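For reference, the chain that follows is the form predicted alone, supplied as structure tokens.
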């Protein structure tokens, strides 16, 4: 049983991670402002070993006290996604980067930090080459820059750390998001029966939110073997282009029509395939296929008509 502090625990990944850790008997404290979804942790108040602190992670005095009390620190709190960070630039820098800088000053050798960032830092990859952990980071958004800079700080100043560069996450969560690419494509397919694609050849890697959670639990169990290192975290069979993804959805949802527009550019320029071999060699491999996730999401969006409030 470990004492774990998760910032942003009410979020898309956080709400799933808190749930699994509590099911496994750990003591979990989360700090979250509950800005986007007030109810994503409602099912956890039953657990005696769960504590929610509804406060701001940028309060250094609060974080100082909490860091001392917990073994594992998992800082998930962030303004997530390029549009949101462009809209609130100062807040993005203070939440995504300054809070990590403060954390670096607060942790001691007793703390173990698991830092999740994004593989969007790879920006635009080479045509016939997979991005691995040694590939240059060329983030093309403020969001990508703050997360890459945060990773640099963690790797430089925190003795006990493991960093993961996440593929684009998909699947259902207690704090649902429909802006992530797979979730968005399935949601749009159900609502409009049509997907309009710009630059359909753009490539991306994907991973189910439950596999992200399982990777964190694997890391806690194998921390000394993994520490002081960075790993790509994605599903190796899910290095695919947007048109391939759309066709996978169409295979399961026959009413879908796919339209390709050639005279418009996609504002999201990310285009890369990613190698996940490094973490796989350590013993963790993502298991949930895109087809399974698409099937899950079709049911979610067909049967749940509640409006999803995204970050932007």
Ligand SMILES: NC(=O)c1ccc[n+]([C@@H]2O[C@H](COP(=O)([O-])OP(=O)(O)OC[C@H]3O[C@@H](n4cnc5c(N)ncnc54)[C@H](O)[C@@H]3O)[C@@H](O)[C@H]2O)c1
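Just so it is clear, the model here is predicted, and its values are computed rather than measured. Residue numbers count along the first chain shown, from 1.
Omitted here: the form predicted in complex with the named molecule. The next part is about that form.
J.: Judged by heavy atoms and a 4.5 Å cut-off, are 73, 208 and 220 together in contact with the named molecule in the model of the complex?
T.: No.
J.: Please tell me which of 169, 195, 226, 238 lies within 4.5 Å of the named molecule in the model of the complex, judged by heavy atoms.
T.: Exactly one residue meets the criterion: 169.
J.: Exactly one of 13, 290, 21, 297 has a non-hydrogen atom within 4.5 Å of the named molecule in the model of the complex; which residue is it?
T.: Checked against the cut-off, the match is 13.
J.: When the contact criterion is heavy atoms within 4.5 Å, does residue 261 count as touching the named molecule in the model of the complex?
T.: Outside the cut-off, so no.
J.: With the partner left out here, check for me: in the model of the complex, does some heavy atom of residue 141 sit within 4.5 Å of the named molecule?
T.: Looking in the model of the complex, residue contacts with the named molecule do not include residue 141, since no heavy atom lies within 4.5 Å.
J.: Does the 4.5 Å heavy atom contact test between residue 60 and the named molecule in the model of the complex come out positive?
T.: Residue 60: no, not in contact with the named molecule in the model of the complex.
J.: Look up in the model of the complex whether residue 271 has a non-hydrogen atom within 4.5 angstroms of the named molecule, and give yes or no.
T.: Residue-level check for residue 271: no, no contact with the named molecule.
J.: What stretch, of 27-35, 42-50, 273-281, 252-260, brings heavy atoms to within 4.5 Å of the named molecule in the model of the complex?
T.: Correct option: 27-35.
J.: Pull the contact list for 173-206: residues with a heavy atom within 4.5 Å of the named molecule in the model of the complex, in sequence order.
T.: Result: 175, 177, 180.
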